[in-house]
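What follows is one chain in structure tokens, specifically the form predicted on its own.
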Amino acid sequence: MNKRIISRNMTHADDKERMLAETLFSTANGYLGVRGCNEEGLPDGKNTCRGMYLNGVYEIIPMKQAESLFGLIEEKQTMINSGDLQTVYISIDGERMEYGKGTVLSEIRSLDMDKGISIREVRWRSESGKEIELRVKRMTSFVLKNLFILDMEVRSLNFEGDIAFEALHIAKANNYANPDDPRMAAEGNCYLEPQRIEALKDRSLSLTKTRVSGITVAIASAHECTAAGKKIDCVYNKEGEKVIYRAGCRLKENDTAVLTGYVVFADSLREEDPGASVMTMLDSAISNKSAYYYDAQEQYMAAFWDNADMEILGDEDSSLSACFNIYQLLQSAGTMKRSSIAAKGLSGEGYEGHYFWDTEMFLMPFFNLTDREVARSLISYRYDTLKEARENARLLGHKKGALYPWRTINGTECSGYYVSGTAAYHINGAIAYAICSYYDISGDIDFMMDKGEEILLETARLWRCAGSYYKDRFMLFDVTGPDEYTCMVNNNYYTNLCAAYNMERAAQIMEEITVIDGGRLMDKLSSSREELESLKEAAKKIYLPYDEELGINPQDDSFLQKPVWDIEATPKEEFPLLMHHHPLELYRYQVCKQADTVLAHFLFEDRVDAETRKKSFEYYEKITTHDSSLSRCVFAIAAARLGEKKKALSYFGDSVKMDLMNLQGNTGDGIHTANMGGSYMAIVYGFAGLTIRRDELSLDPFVPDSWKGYRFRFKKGDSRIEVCVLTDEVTVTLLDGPELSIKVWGEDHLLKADSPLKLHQKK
């Protein structure tokens, strides 16, 4: 495998490219995220999102409805910008290095995914002709997740003179806003009130608190400065609501000055005394030194890639893009208390840091296959917010069960437009599907007894309560499926199929657990055999729309009755349609924002025949705009599993490079985490044809024509497996763990240790 490094030449970058770079070169560890901004900042009027974020830390802000009808959401949570401690000014004999002043001779930005760091290298000439070479290294630690390290190395190239550093500790930072984009917050406020800001002898400290949610954020920083290898004295001064660290030295030509900054964050959601915690952790960070954390980070990444390694042979760009996407999933995954994965990870403020169905449907498949601990943590977040999900169900008139909010941070609904938000009940199906997949892959019955089955049962109860029988068919009315261009419909095919699966598996797994515990969990959850039979009956009699004439599954009861939107005649500048057409106009046409029925056919392939899947794919392909970043990856998987190899590769190419190529045009607001997970799934579940059910592990792989092959690793139970698919041969290797049965192209094999399975590729 080549080194996993992406680089960009930023020497002549425009404002849009710099905003994009802030996202691509962000550093995060699932708890703390830092945008990859220029340390020296940008002038006023330049578009920049100077953010440092803590996963799950939020403020509650008003979201006034035009008409305050019962139950409509009138406040929401938003992820806050927790501070600015990435601003460092450098001066050369009094001339400050600033954007637009002097000359940038070269600037390269890199993300080293083997070392878990980002690097910025700049050669700059001042207006008086003095040149420096600047190298900045950044890291959010996976070993101490509260820690951010920033290293700056300055070399004088053609002069002897004075170098001065000013590192800022800004406790009050504004959130980013774009009132013209509904995916962004319209407000650019600072949501933190200072409680304590201090310049101490050898460090700075701030405690701030959100006004409404009452969450305290503590930040402590300390710096070390050396010049030509000698330690330089420094001073911390409080100036207004900022603390400024200052250090200066004199350099001879080709001498180097190094500034290392240690920044530690803590919050009151996880710490009883965040202020004391950051001081203790800062002491530890300083005593260990940055080299210790860089070495530990590299070891952590080596272990991560050992489990999650993926490579595309014969297409280096796609291979590097796939690794970038996987790395971003790692950076985004919350594993600390009451946190999950936001739609933009911790790389930006798009969708305000909210958690959607993206986590369970598009991101957990990766962690289910590679990191059981993270997968359990993501399920645990839903368990910890089960109380709020039950309350949400009652608010919507359901006497039993739990309905998870469409978008949230603390477990309560944040979607003001309920038509394409709260009505998307299929989020329950995504959560149930992810939990069942975790169980099928891991076999972790203890976790199911502890947390998983309770979620399954409560979400299943919601379907049973929300649905009703008509002519002996179980139906669901007024719901919104994945396609947000078709809202509030009866019997959305995808939703109904998810509901059936949820009810069936909740009953099945409870029966398995009852054999083990003698019915203790059933009693604890106030369930009964009669309830389980009721769930199984509803699942069996679920109504699934089917059109005999077309041989497809209609998206819902009324979908085929609508006129078809003329996508080809629609000007390119009108996409995405949601930005240029009223929702009601879109709802009255056959036009899909994203995969809906096509997604259902992938997830529940064993419940629909191949001919129906093929005809449905061809039908929906013509009327889908892919305005959602979640769409192309699903079409890639579906096309691959249908044998449409060229189409699969085309959809995959758009998906895997979406953020690196900024194909959606808004990566500057943050990465598209769901698409990143989907592009991983396109290789594993699409091209490799991986299928994992309780008692089945199978592969049906092929190699796209322009590739030489691909390889990846995954876990099933306690076994770790590597799959290498070449144009003429497939090798499946049991890396460690017990032997297990596997099907390849429909034929049964036993996978044993020290005995790789080698098979000739199908022609």
Ligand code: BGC
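One-based numbering along the sequence shown. Just so it is clear, the model here is predicted, and its values are computed rather than measured.
Although it is not shown, the form predicted in complex with this ligand is what the next lines describe.
message = Just to be sure I understand the contacts: of 480, 628, 527, 335, which is the one whose heavy atoms reach within 4.5 angstroms of this ligand in the model of the complex?
response = So the residue touching this ligand in the model of the complex, by this definition, is 628.
task = Check each of 343, 409, 278, 455 and return the one that places a heavy atom within 4.5 angstroms of this ligand in the model of the complex.
result = Answer to the contact question: 343.
ask   = If contact means any heavy atom within 4.5 Å, which of 428-436, 593-601, 313-321, 326-334 contacts this ligand in the model of the complex?
value = It is the stretch 593-601.
key: Distance check, residue 484 to this ligand in the model of the complex, heavy atom within 4.5 Å   = Flag for residue 484 set to yes.
inquiry  = Taking this ligand as it sits in the model of the complex, is residue 358 near enough to touch it, meaning that at least one heavy atom pair lies within 4.5 angstroms?
reply    = Result yes; residue 358 sits at the interface with this ligand in the model of the complex.
query = How about residue 418: is it within 4.5 Å of this ligand in the model of the complex, going by heavy atoms?
reply = Output for residue 418 is no: heavy atoms all beyond 4.5 Å of this ligand.
inquiry  = Using a 4.5 angstroms cut-off on non-hydrogen atoms, would residue 351 count as touching this ligand in the model of the complex?
reply    = Yes, residue 351 sits close enough to this ligand in the model of the complex that at least one of its heavy atoms falls within 4.5 Å.
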